[in-house]
Structures are given as C-alpha cells and as structure tokens.
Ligand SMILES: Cc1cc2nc3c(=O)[nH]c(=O)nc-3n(C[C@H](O)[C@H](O)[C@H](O)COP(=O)(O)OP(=O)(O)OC[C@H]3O[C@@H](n4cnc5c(N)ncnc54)[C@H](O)[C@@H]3O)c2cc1C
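To begin, one chain is listed below as structure tokens, in the form predicted on its own.
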C-alpha cells in the first residue's frame, strides 16, 4: 500500500474546504466534500502508518506512546497512542492518519433507540431519525463494510465469554465489526483490496495485516481519488474569521522549535474533525482569540460510560493475548480484538443499561504482562473462588507465566472486559496554559460504575478467576475513570443556549440562533450525550447526514457509489501496487 498523504511542500495557501483531523468524522467529511467537487485539504497532527509498520515489540509500543500528564508531556506529539490524564478521568485516543480508527476495537453498533428520544439532541435531528439519520447509518455501513465474526474457527475467549454470559442470564451475540474476514479481491467502494484477517488479536495496536477497515481503507482513499490532499504532521492551533474565509493557524510539527511561529491557510469552509479533545481545544483557543462562540463550548463531556477490567488467572484457557503479524508464537488463534458482546441494554431505565465486550491484549504488551497482571491481581484483585486446591492451581499458573511468558499460565487464562454504559454526560473541558483539561472529579463515584463492577465480578466468578477493576478506579487512587470513547464538548443543541453546534453540525455564533457561515464540527465532540455503545458508527452516520444537508444548503450534488475516479489499491504490506 502506498501513502495517501502528500509532502508538505505541496500545501497551498487557499482551498475550497479544509478538514482538520482524519478519523471517522473528518474522513467522512473529506470524502463527501471532495465528491461535491471542492478542493479539499486534510490536516492531521499525527503521521501516516501503513500496514506492516505498526508497533510489533514492547520497545515499538513505548516509542509509539505519548502522554499529557498535566505537569509534563511524555513522548513525541505525533505518537500513535495519545493519553491525556485529567481530574477524574483519563482519555486514550489514536493519533495518525485515520485517527482512533487505527487502534479501536472495530465495533459498529447502533445505540438503543431510546438514546435519541432524550432532549439532549436537537429537535430537528430527533424528527429526522427515520429519514436523514437512518440514511446516514446506511451510507456509513456501505463504506465501512462491517461484518460479524464468522465463528467457523472457534475462539477460546468466546467460549469462556459464553460462560460469563450464562451467569448473567444473557447470551453472547456477535456484533458487526470493521474487519475483513475473506480476501477482498475486487476492492471496496474506493477500490481497496484487502487480505482476510489472520485472527492475530492485534487490532488495538494497529493492523499489520491490512484487514482492519480503518478510515485509510475507505473514506480517505475515496477523498484522495476525488482530489483531496492529505498532509500529516500539522497541528491546528485555532481559527479566525477573515472576510468570507476562515484562517487556519497551525504549526508544522516537523519544525524543530516547539514554539515555532504559527502559519496560516485559508478556506471558506472548515470542518473540524480532530476528535472530542482536539476540536474542543481548537474552538476554545479560537474563542480566546476573539471568535464569537456559545458559552456551552466545553460542556457536556462524556466518557461514554467506559470501563476496562479483567478476569485474571481463570480456571480455563482464554487465549486473549495477541500473537502479532507475522505471528511471534505458534498457538491457537486469538481472533479480532472484539468478537463477542453481552447486550444488557434491555432495562426499564435507559441509563441502567450496558454492553460488555470481550477483548484481546495486543502482542506488544506481552512481555510485560506476567508481572503487570500478577501485581494488579494481587493488590487490586478479588478472587472469586477459594480452597486449597484452587490456591495452588492459581499459584502454579502464575509461576508458569513468570517462567514461560504471557502465552501460558495465568496470563493466558485472563479475560479482558470492555464495557460501555451511561455516565451522565456532564463533564466540562477548559484551557489551562493553552492546553485542554477535563474537570470531572467525582464522575467515577456514580452508582453506574459500582453496578458495572458488581456485574463483571459475577461474570468472572463463572470462570473461577480473580476479578480486577481498572486500578485507576480503586478507592486508593480516587475512583478515576479511563475512557477510549470521549464525547461532547462541542455538543449539538437547538440553539446556542443549549449547544455549541446545530443539528447540521454548523457552529453557533455567540449565544444566538445564528451560525458561522462555513464552519462545521463533525466528530465525537458533536454528540451531546453518552451512547452506551461504541460511538464510531454514529459519528460517521451523523457526519454523513451533515454532508447531505451541506449539499442541499450549497446547491451541490454527490453520489456515494463506485466512482469512475476509483483507483485499485492493495492494503497488504506485501503488495504496494496501485
């Protein structure tokens, strides 16, 4: 596969439209605006990583990690794994061309219908659910091509997960996921030819096979085929109005000086798709620089009820540590990072529902897992079964992992749980020393998280394991949360008194009902509440709807099918033909 991005020497001063970011919302915007015939530039802070070049070792993983700890910043600011620690919640997102799609769990679920019944959403969007929004979902699914795990190859983690489901009075279902399970020899809509998934389990450290349907496998090549230009290593600082145009103030991150002077680009149309943290930060800075924006900016933050926890050292093999590609060990297939789902959303009260997904830990973390899991299990775990025979069996598995590594013993008998629920969606973001900060100190003390913990402990007891909450959520560490699905901050509303953008994703001016001409936000920051499921599909659908409405407003047309401009590309690292 060849690069989608261009050398920055080709960056022009003016475009018809500029898209900031390259994840689900940004990629969708870039594709659709380009199909309308606009000259589009896509600006991405991170770098382009092709299949075959994602981290393969623990050392690679450390080099691909950055963290904003508040008092200091670790790592390169273009590194793939981007961690932000804050009061009450830490957030992990992806950084690179493709955004968080590069490292997410691939799941493409529709929210519970009742989510859109709530008044968090603009009335116009609620009224358009059966028409425009559903068409948005249809278009998103046509491009992302999710499929369910075929289950013709049995996975130990799914078999174990079914025992957990039974203990909860539920069943495991196979959710649609953005993974290609059969060789795609004729290409998808943009012409991407992809090999079948090897079931290596490394989806969350980046797919080195080329079978994961990330945004660089669909929307972004489609945008390029229709004339869009993608540039990596560009960090947008803020935007300003300049007559009929928008000025984009940015840093070229290839410059050595951290305080390099800001440069500018201009366009009459700008779509912010830099993610919940990125787009909110850019607009907060823009407000500080004089742009008239709603006082709701930065409010309505949600971690989507995210919880990660573990059933450590269970009584049976789970096989939930990735083996990499090429595989570093010869063992049973792990499967995609998420293949199964326990759906517990059928509750009388919407906010009491949750979904539980099983996960796989990437191979890059394998060398650290025996000591790491033993430590967290000892200090933070709750053993769900007892007895002298069980005690010695658990210690024996632990010693086996210490001696022979993560693919044996206690680590190989560990289940990873990933949960999404509803958390109130009332966190706030602000700037501190020109950097975004989240202030949501007591969110982890809400009953929903204790309910999740109790449910997962029951699921672990069915496997005879030691239940381990995320250590950050321990009483000792202050009940802090960790989210990989941050939402809100530029939330939709009926007007500027209850939102930052309208139902078309247009940015409100000040606290009026008017909107800034040509300024849009299309990413997770636009969602005004938790979804209780993985949000990627909904972000894409809402962006598709916004682009349909954009075309009507600007008297433009575009199709969504296979185009005569389509190029055949090969996603496999073993074939770089075009």
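Numbering follows the first chain given and starts at 1. On a predicted model such as this, the values are computed, not experimentally measured, just so you know.
Form predicted in complex with this ligand: not shown, discussed below.
Using a 4.5 angstroms threshold between heavy atoms, residue 488 stays clear of this ligand in the predicted complex. Using a 4.5 angstroms threshold between heavy atoms, residue 94 counts as touching this ligand in the predicted complex. With a 4.5 Å cutoff on heavy atoms, residue 85 does not count as touching this ligand in the predicted complex; it lies far away. When contacts are judged by a 4.5 Å heavy atom cut-off, residue 544 does not count as touching this ligand in the predicted complex. A single residue from the set 103, 217, 228, 239 has any heavy atom within 4.5 angstroms of this ligand in the predicted complex; that residue is 103.
Think of it this way: in the predicted complex, this ligand has a heavy atom of just one of 270, 320, 438, 234 within 4.5 Å, and the residue is 234. Figure note: of the listed segments 496-504, 277-285, 424-432, 114-122, the one touching this ligand in the predicted complex, with heavy atoms no more than 4.5 Å away, is 277-285. The candidate spot formed by 302, 305 and 353 is out of contact with this ligand in the predicted complex: none of the three has a heavy atom within 4.5 Å. Along 107-122, a non-hydrogen atom within 4.5 Å of this ligand in the predicted complex is carried by 107, 108, in order along the sequence.
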